[in-house]
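Consider the single chain below, provided in structure tokens and representing the form predicted on its own.
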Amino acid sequence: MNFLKRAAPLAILAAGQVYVIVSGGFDLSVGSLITLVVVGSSMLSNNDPNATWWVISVMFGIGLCVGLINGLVVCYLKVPSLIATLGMMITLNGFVFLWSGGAPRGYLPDTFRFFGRVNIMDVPLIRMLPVALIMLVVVGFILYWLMHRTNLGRMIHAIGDNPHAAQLAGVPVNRVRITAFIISSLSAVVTGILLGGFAGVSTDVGTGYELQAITAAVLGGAMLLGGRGSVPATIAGALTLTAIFTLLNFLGLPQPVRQVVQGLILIAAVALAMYRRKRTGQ
């Protein structure tokens, strides 16, 4: 249960990221958005339990705007998603430092930390049920349903596979791509809320999460060129990546080794996927 609790934020983030990857893009802004959610929530709420719900609403509003802007820049200004979201990542990081002065002020109230920290005790069979795991199940099911049981998911796959053919078939390409970016950003907000619960307030709390989410999606079989990806497989990829990191921590290996391993996993997973795609094409 503790392992699943630690893995829940990355699993939710990766499940949102896979929408953008399947549509043929990347979202590098999610890590800085997580930081903005944690730092912004602490400064707005300032340890006031009554402020929790309106602060969370504001954060979802910010996430919606970030996703919308990313989608509009990619679709209408024709900026590659890698560059557009990289620019958004730098902008959000700068905004966080301007707002906080580099040292976050305020505290997150217990009502905010509830989602990432609290465990429901004395549960039959499993003894303990983290609220973060409940969040993962609920959000994961919603994202699974949208991707695999609705027209939205089918259109996202069609756009990632061949955007020109999808447009000729009547798919509203720009609207669907913008929706994918919005879903990714809203997932980052949920991740930020969970991380605020047990990781505390820091200006680098979201650092590196964008690449971990992409790695988890690739481990789950998503194609970086778009057209293929699964929400359950991506969540499984996130659990696998978290298990690898946990093992490295148990072995007492330093943080740089963890980064090297993550990079090698990403390269190997992409190379294997491209090899399989080439064989299938032949």
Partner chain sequence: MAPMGPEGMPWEQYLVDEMADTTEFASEGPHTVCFSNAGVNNPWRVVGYTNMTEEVALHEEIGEFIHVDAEGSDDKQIADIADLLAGGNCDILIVSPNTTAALTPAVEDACEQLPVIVFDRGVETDCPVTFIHPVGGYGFGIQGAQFIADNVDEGANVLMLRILPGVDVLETRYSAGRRILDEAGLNVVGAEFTDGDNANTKSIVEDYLQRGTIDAVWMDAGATAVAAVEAFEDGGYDIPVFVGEDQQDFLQKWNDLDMTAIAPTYPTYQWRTPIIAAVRILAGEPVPGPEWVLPQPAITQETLNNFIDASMPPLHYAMCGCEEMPNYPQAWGGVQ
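Numbering follows the first chain given and starts at 1. For clarity, every value in this text was computed on a predicted model and none was experimentally measured.
Keep in mind that the form predicted in complex with its partner chain is missing from the display, and what follows is about it.
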Among 77, 126, 169, 103, just one has a heavy atom within 4.5 Å of its partner chain in the predicted complex, namely 103
By the heavy atom within 4.5 Å rule, which residue out of 174, 91, 202, 111 makes contact with its partner chain in the predicted complex? 202
Among 230 to 238, 51 to 59, 217 to 225, 245 to 253, the stretch whose residues bring a heavy atom within 4.5 Å of its partner chain in the predicted complex is 245 to 253
Is residue 117 one of the residues lying within 4.5 Å of its partner chain in the predicted complex, judged by heavy atom distances? yes
So, in the predicted complex, is residue 107 in contact with its partner chain at a 4.5 angstroms heavy atom limit? yes
Proximity of residue 97 to its partner chain in the predicted complex, heavy atoms at 4.5 Å: yes
With a 4.5 Å heavy atom cut-off, would you call residue 144 a contact of its partner chain in the predicted complex? no
